[in-house]
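Following this are structure 1 and structure 2, which are two forms of one protein chain, each written alone as C-alpha cells.
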Structure 1
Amino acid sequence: MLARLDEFERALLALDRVRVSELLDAVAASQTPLLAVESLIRPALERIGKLWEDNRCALSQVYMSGRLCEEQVDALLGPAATTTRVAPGNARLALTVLEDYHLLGKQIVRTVLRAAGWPVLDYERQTVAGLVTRTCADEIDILMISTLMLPSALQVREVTTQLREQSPRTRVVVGGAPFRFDPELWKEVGADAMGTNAAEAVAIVEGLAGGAP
C-alpha cells in the first residue's frame, strides 16, 4: 500500500489525471471506494501539504492536486457524499475568510475537507459581526478562518472574544500567511488551533472533535 501511496503522490504532483484515476479505481474495485479515498487521497494530500510547508513543492501543485482529488472523490462516492457522511463526533463545521479579499486559502481547505468526505458550511467572505451571528445561528462546533492580510488576522481576536461569550461551544481554527510567518499569532488572537497548511485541517478537526465533550 505504501508503494501505491508513493506512486499516487507522484502522479498528483505531476498532475497526471489518468494515472491518478487508475490507482484509485484499482483500490475501489478490489476493496471499497471509501477505502480508496481514505487510504490514498487523504494521506497523499497530507503529504503534499507537508512538502509545501517544507518548501519542497509549490502552491500550484497543492491547489491543482486538491482539485484533482475533489473531482475523483465526486466520481468515486458521488457528489452527494458530503451530504450523507458526517464529520468526526458529528461536529458542525464552517469555513470562512475574515475581512479579506483573498479566497484561495479557504478554497484549498474546503477541497481538503470535501476530499475527506465531510460536510462544511462555506461562509465565503465575512466581517466580524456577520461571522459571529452566523456561527451562533448555525451552532457551529468548529469554525475555520483563513486570512492573508495581517490586519485581518488580528481581527480574529474580536471573533474569539465575542464567540467565547455568545457561543462557548465553538472552537476556532485559523490559517493563512500571517499565521505561518508568526507562529505565536494564533495564540495571541485566542484561536484554539492553527494549521500551517490546508491539509492539516483534517487532523485538527479530528483532534478537536474527538476532544469535545
Structure 2
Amino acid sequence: MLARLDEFERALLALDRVRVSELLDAVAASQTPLLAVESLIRPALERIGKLWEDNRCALSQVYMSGRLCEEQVDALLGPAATTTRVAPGNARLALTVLEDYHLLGKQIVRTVLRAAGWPVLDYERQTVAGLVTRTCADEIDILMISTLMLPSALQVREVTTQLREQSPRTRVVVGGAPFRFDPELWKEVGADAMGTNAAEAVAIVEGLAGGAP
C-alpha cells in the first residue's frame, strides 16, 4: 500500500488525472469508497501539504492536487444530497475551511454528515472575520472547521476567542492534518472536539447535539 501511496502522490503532483483515477479505482475495488478515500487520498494530500510547508512543492500543486481529488471523491461518493431532516433540538450545523485552499476534507465530512441525515450549511472557504460574522448571524450550534496547513489551524484560536464573546452557544469541532500530527493542538486553539476522520464527525455531532437526527 505504501508503494501505491507513493505513486498516487507522484500522479497528483504531475497532475496526471488518468493515473490518479486508475490508482484510486484499484483501491476502491477492494474497499468501501469511503475507506478508499481515507486510505489513499487523505494521506497523499497530507504529504503534499507537508511538502509545501517544507518549500518542496508549489502552492499551485497543492491546490490542483486537491481539485483532482475533489473530482474523484464526487465520483466515488456521489454529490452530497440535501436533506430536510431536522437535527435534535433544532441544532444548526455548519462547516468550513479556514483561510486554506484545500476543500477536500470539508467536502468529505459534508457528504458523510448528509448521508447520515444531518442538515449542514456549507460555508466553503472563510477568513476569521467572515466566519465569525456568518456563524453569529446564522446562530450556529456546531461549527466544524477543516484545515490542511498549520498556519490555518493556528487561526482557529482567534475564531474560538471571538465566538466565546459573541456566540457562546457555538461549539467548535476541528479536523485536518495539523490536528492529527499534534493530538493536543485542538485544545490549544480552544476547540471543543477534534475528529481524525470523516466517520468520526457523525459521532462527534451526535454527542454535541444530543442524539441522531
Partner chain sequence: MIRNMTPMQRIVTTLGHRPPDRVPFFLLPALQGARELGLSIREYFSRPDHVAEGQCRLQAKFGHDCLYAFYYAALEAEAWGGEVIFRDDGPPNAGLPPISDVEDILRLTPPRIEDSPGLLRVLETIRQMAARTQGEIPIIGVTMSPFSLPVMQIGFEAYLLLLHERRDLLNQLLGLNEAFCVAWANAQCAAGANAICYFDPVSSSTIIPRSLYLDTGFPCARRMLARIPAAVAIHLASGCGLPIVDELAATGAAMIGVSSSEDLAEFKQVCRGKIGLLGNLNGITMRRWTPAAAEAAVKDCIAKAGIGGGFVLADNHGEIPWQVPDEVLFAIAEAARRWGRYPLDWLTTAGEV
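Numbering runs along the sequence of structure 1, starting at 1. In this text, the rigid core denotes the largest set of C-alpha atoms whose superposition between the two forms falls within 1.5 Å. All figures in this text were calculated on a predicted structure; none of them were measured in a lab.
Here the chain appears twice, and structure 2 is the form predicted alone. In this overlay on the rigid core, C57 has a C-alpha that sits 2 Å or more away from its partner position between structures 1 and 2.
The Cα position of A11 differs by 2 Å or more between structures 1 and 2 after fitting on the rigid core.
With the core held fixed, V37 shows a CA shift of 2 Å or greater between structures 1 and 2.
Here the two forms are laid over each other by their core, and the C-alpha of V20 is off by 22.8 Å between structures 1 and 2.
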